[in-house]
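One chain comes next, on its own, written as structure tokens: the form predicted alone.
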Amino acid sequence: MSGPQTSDRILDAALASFGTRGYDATSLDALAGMLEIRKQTILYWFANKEAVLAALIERSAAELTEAFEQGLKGTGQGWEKVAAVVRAVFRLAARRPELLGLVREAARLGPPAATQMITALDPLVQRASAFLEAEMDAGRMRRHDPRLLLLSIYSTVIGMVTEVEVFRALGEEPSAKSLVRRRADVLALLRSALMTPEG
């Protein structure tokens, strides 16, 4: 097994565990067991568990950025861009739920993990804020603080795709069909909350 493959395998296992069970509930011993390697092999590539998390956040932020960029390709303006980003997040939820779970886990952990994730995603946030501001200035969206609006959209969308147990408690089992229904509900909610009659 070559070096890059080993470090990538470690990060893949960490993503699966941190993004589903949580960072605190995952030990390096558990990761080593999942990978059928010795803990010392992990420590060869990463100084400690915090270093695994830092490398994972860096890799995951790049993957999220790429997913959003791909989702926005070929979209029009205004509402089409908002809907494209929401669809990209829901596609990620279906294909890579652990990735969005990691975003939620990094936020829960607070600094330095949350700070690193925020910093890595800041270029996307800046672009999104500028886009929302321009849409508001053009009268297509209702006037709100763009950063607060982004936080609200983030909370709504991430909550809808990652809070599986809440939906189970409400009697909805997670499935592809329920995810599509939730996406339609989120899009309808955001459209009614954001868009002016002109938008």
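Position 1 is the first residue in the sequence shown; the rest follow in order. Being a predicted model, the structure only gives us computed values, none of them experimental.
This next part talks about the form predicted together with the DNA, which is not shown.
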query = Can Ser27 be called a contact residue for the DNA in the predicted bound form at 4.5 Å between heavy atoms?
reply = yes
TODO: Find out whether any non-hydrogen atom of Arg142 is located within 4.5 angstroms of the DNA in the predicted bound form, and reply yes or no.
DONE: no
_Residue-level contact is defined here as any heavy atom of the residue lying within 4.5 Å of the DNA in the predicted bound form; does Trp45 satisfy this criterion?_
yes
So in the predicted bound form, does Thr6 come within 4.5 Å of the DNA, heavy atom to heavy atom?
yes
Within 4.5 Å of the DNA in the predicted bound form by heavy atoms, the stretch out of 63-71, 127-135, 154-162, 37-45 is 37-45
